[in-house]
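Listed next as structure tokens is one chain, alone, in the form predicted alone.
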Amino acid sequence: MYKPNNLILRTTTSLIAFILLGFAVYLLFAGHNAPGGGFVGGLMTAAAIVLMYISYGTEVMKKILPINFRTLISIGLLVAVLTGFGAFLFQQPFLAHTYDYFMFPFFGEIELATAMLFDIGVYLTVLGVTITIILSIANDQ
């Protein structure tokens, strides 16, 4: 079993993972108007989580992050498909895009789009698939 004991790796992982996760959230929210979105954001989040697995080991990470990533795949697919079918409620074709502006305290007027919900579904699916594959490969060795 792999038990890392590298203080420099653990220290730098905290900073690098924070930067990766921040950039992943930015890509997720910028995705429906610019390149990026759920796919790239999910890959960036997976990279941060894999880095933490390398730095802290699997036992510690299972305690810190008790997530079943296979369930995350199902949730992501469900969100993406339901977003597509949601367009039928407005007599639109499957996966038709719609948006509206809403007023939020402290943030002001913000555009909320159905593409954002779809991106969240893709994000969860990509994150779940990527981490499941990497952990499966790591457990085989």
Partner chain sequence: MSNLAVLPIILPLLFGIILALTHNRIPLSRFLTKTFTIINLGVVSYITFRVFNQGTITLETGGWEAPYGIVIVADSLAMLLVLTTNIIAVACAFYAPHSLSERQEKYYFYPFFLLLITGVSGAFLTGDLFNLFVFFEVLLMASYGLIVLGGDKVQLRESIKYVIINLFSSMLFVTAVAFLYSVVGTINMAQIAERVQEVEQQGILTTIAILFFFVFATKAALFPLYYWMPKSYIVPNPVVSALFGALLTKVGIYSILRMFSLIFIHNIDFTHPLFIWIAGLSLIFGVIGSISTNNVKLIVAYNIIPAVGFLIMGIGVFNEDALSGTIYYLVHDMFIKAVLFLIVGVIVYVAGTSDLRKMNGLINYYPLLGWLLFISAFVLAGIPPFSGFIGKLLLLKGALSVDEVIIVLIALISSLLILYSIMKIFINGFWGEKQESDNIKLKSTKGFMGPIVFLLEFSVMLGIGAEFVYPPIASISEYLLNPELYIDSVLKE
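Positions refer to the first chain, counted from 1. Here the structure is a predicted model, which is why all the values come from computation and not from measurement.
What comes next is about the form predicted in complex with the partner chain, which is not displayed.
Check: Among 106-114, 42-50, 56-64, 80-88, which stretch has residues whose heavy atoms lie within 4.5 Å of the partner chain in the predicted complex?
Finding: In the other structure, the partner sits against 80-88.
Notebook entry, point to check: So which of F94, Y99, F102, Y26 reaches within 4.5 angstroms of the partner chain in the predicted complex, heavy atom to heavy atom?
Noted result: In short, F94.
Check: Can I75 be called a contact residue for the partner chain in the predicted complex at 4.5 Å between heavy atoms?
Finding: Output for I75 is yes: heavy atoms within 4.5 Å of the partner chain.
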